[in-house]
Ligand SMILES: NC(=O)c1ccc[n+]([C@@H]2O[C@H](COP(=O)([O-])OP(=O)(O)OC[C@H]3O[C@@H](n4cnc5c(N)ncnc54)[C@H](O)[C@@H]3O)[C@@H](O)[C@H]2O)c1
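Let's start with one chain on its own, the form predicted alone, as C-alpha cells.
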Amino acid sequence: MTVAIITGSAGLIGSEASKFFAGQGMDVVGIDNDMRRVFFGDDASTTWNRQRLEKELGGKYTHCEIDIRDQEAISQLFQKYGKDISLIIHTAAQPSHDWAARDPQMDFSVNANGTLNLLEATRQHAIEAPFIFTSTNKVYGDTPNRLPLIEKETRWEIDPNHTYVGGIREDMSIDQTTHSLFGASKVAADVLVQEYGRYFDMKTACFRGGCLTGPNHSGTQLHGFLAYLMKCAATGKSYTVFGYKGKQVRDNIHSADLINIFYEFYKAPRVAEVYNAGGGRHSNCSMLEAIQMCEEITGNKMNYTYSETNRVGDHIWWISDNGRFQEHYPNWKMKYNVRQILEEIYGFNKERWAKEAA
C-alpha cells in the first residue's frame, strides 16, 4: 500500500491533490474537519466537496475528521500507516488576514502548531516521505509595496527596468515588514518546514503561493478572491473592493497547475526547498480587470462597492517568478490563465449557486 496523507483534503488544493494522487494509484488519507465553516460561516463549508470526493474516489479515499492541532491524534494516524506513507501534502490552514486579527491564538495554533505536529509525526513515522507545504506569498509581508510601481488605467505595474519585472523571486526579504498576523503564523510554519528539512535531512518544500484558485474553491469575502468574485457576479450578491483604486494586481494559479508542481517535486524531491508558486506573467489580473471578465462571462453587471481602506499588509502588486522551480523541474508547464480559470469556475458552479440563491 502506498499512502498519501493530505490535510485540508476537502478544500481547494487538498481535493485537487486527493483526486490526482488517487489517480496515480495511491491510497489517499484525507484530514479535514471543515474548519473553513468555523472561520467563514455555512456558505464556506467544504462538506459538499468532501462528499463528492468520497463518491468519486470510493475506496481510494479515507476521510479523517481530525483537527491538526491535536498532536496525539495526528501522531496515532501517522503511526497507523507508518512506512506506507510516501507523501504528505499539507494544505490545511486558517487563510485570512482579517480573520487572524479577530483570534490570533487560534490562527497561530492552526497554522504554526498544526504544521509542527505534522512535521514531527512525519519525522517519527515516515521520515523518507516528501513533505509538501502550501505556504503563501504573505511571508514577504508588505515589502512588495515598496517596489517602484506605476499606475495605469486598469492596474498597477512595476517599473519595466526593475529586476522583478518578470515576477518576484525568493530572494525578497521577509524581514522589516508588516505581514498581518496571518502572514506571521505562516512565516512560522514556513520556517519550521525549512528547518525540519535542513536539521533532519527531510525532503521538505515550501510553495509560496499567490492566489490559489479553481472550481472547487468554497470562496468567501475573506478568502477565495476569484471564486467569490465570480459567485457574486453570477448571483448578484454585493462585492467590496478594498483600496488601491481596484487596480491591485494578483497572479492566480489554477489548482491543477499547482498539483502538477507538487507531482514534479514528489517524483524528484529535494531537501528544504523554497519556491514561489503563482500564475506569474502567464496568469494575473487586477481587481478591475477581473470584474470586467466576470461581467463578460456571466452577462451580468457586477454589483460592487469600493472602500478606500485597504486590508492591512495587503499587496498592491504581486506577480510570482516561478523561474527557480522551472530551473529545477523543467518538465513543468502552466496550462491555465485567468480567463480560463474564471470560465471554468462559472461553468462548474453556476447550477449549485443558482440552487443556493433560490
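Just count from 1 along the sequence shown to find any residue number. None of these values were measured; they are calculated from a predicted model.
Below, we turn to the form predicted in complex with this ligand, even though it does not appear here.
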{"property": "Triplet His97, Asp107 and Ala112 all within 4.5 Å of this ligand in the predicted bound form via a heavy atom", "result": "no"}
{"property": "Partner-contacting position among Thr204, Thr122, Thr134, Asn276 - heavy atom within 4.5 Å of this ligand in the predicted bound form", "result": "Thr134"}
{"property": "Answer option from Ala92, Ala189, Leu87, Cys285, heavy atom within 4.5 Å of this ligand in the predicted bound form", "result": "Ala92"}
{"property": "Candidate stretches 66 to 74, 327 to 335, 307 to 315, 285 to 293 - the one whose heavy atoms come within 4.5 Å of this ligand in the predicted bound form", "result": "66 to 74"}
{"property": "Partner proximity in the predicted bound form: Ala227 to this ligand, non-hydrogen atom cutoff 4.5 Å", "result": "no"}
{"property": "Non-hydrogen atom contact Met26 with this ligand in the predicted bound form at 4.5 angstroms", "result": "no"}
{"property": "Non-hydrogen atom contact Phe39 with this ligand in the predicted bound form at 4.5 angstroms", "result": "yes"}
{"property": "Leu57, heavy atom within 4.5 angstroms of this ligand in the predicted bound form", "result": "no"}
{"property": "Contact set, 327 to 348 vs this ligand in the predicted bound form - heavy atom within 4.5 angstroms", "result": "none"}
